[in-house]
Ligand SMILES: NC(=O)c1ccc[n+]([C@@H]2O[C@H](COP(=O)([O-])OP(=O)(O)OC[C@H]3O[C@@H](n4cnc5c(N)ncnc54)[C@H](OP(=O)(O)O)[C@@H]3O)[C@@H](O)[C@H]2O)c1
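One chain follows as structure tokens, the form predicted alone.
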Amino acid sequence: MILITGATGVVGREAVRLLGEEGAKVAAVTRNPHAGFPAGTQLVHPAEVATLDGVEAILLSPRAVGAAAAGLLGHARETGARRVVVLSAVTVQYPAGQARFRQQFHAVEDLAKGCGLDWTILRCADFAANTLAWAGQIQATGTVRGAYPRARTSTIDERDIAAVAALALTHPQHAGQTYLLTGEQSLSQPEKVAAIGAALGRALSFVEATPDEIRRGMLAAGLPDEVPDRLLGSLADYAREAGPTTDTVRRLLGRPARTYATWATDHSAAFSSGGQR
């Protein structure tokens, strides 16, 4: 059995689907009994994870598991699990943003490396799905307001992360490896907005705002302080030096990483008038 934490997230849900298609027995950790996973997926409430037996491998999402990571890995080792794949961040290797956020990922990496299981670390660039946060602005005005327009990152399609995760969860030769996962194109925010516009068949615009304006808007929308702190801290650094670009997805999967333009096309309904995320 393969246990997927963060199963309702964009990477976890895709990993559940891919592993199920490969015939693996999958347990998805979720509080929602109607989460809509493929037939045959075992649903596991977070409170029940510590009592689960028969787990062979774990996809560990630090944000989903939080402080329970140590107990989860300890129980998994004691009950015969073999490997853990950790979703981490490129900032561990290429620092950007506030140190406290990358330190959290670094701590989980160290925990995995010392837990007695075979481990694989996936250090991921910013997810393409993060730009779904622009959907409301695009639907309403056709304009995205944001800070640091010169910030550049090689955004990765979350489906590519899930494909690499599925590979590492099911093939032991990836044990002990740390993979830096990015897209293959370094893009600014205005370039990403233009790609969404191309997918929609209409012109969109990006308007620069100050970091304080963006922060106030996010807080007014009810987001916790952590969200603008993560976003604006990283963008400030990426405006000075672009985030890393790798061909790791190509090397591992035998095909190029999906482009942001492909992601935008595949998710265009989320940005169209009346679209759903």
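Just so we're clear, the structure is a prediction, and the values are computed from it rather than from any experiment. When you see a residue number, it is the position in the sequence shown, counting from 1.
Although it is not shown, the form predicted together with the ligand is what the next lines describe.
Trainee: Just give me the single entry in 31, 240, 216, 250 that has a non-hydrogen atom within 4.5 angstroms of the ligand in the predicted bound form.
Mentor: Only one listed residue qualifies here, and that residue is 31.
Trainee: Using a 4.5 Å heavy atom cut-off, which residue among 112, 72, 125, 81 comes into contact with the ligand in the predicted bound form?
Mentor: Exactly one residue meets the criterion: 125.
Trainee: Examine residue 64 and determine whether its closest non-hydrogen atom to the ligand in the predicted bound form is within 4.5 angstroms.
Mentor: The answer is yes: residue 64 has a heavy atom within 4.5 Å of the ligand.
Trainee: Even though the ligand is not shown here, does residue 20 get within 4.5 Å of it in the predicted bound form, heavy atoms only?
Mentor: Residue 20: no, not in contact with the ligand in the predicted bound form.
Trainee: I'd like to know if residue 105 sits close to the ligand in the predicted bound form, meaning any non-hydrogen atom pair within 4.5 angstroms.
Mentor: Result yes; residue 105 sits at the interface with the ligand in the predicted bound form.
Trainee: Might residue 10 be said to contact the ligand in the predicted bound form, defining contact as any heavy atom within 4.5 Å?
Mentor: Residue 10: yes, in contact with the ligand in the predicted bound form.
Trainee: Within 4.5 Å of the ligand in the predicted bound form, do we find a heavy atom from each of 6, 87 and 130?
Mentor: Yes, the whole trio is in contact, each within 4.5 Å by some heavy atom.
Trainee: Quick one: find which of 48 to 56, 207 to 215, 23 to 31, 241 to 249 has residues within 4.5 Å of the ligand in the predicted bound form by heavy atom distance.
Mentor: Single hit among the candidates: 23 to 31.
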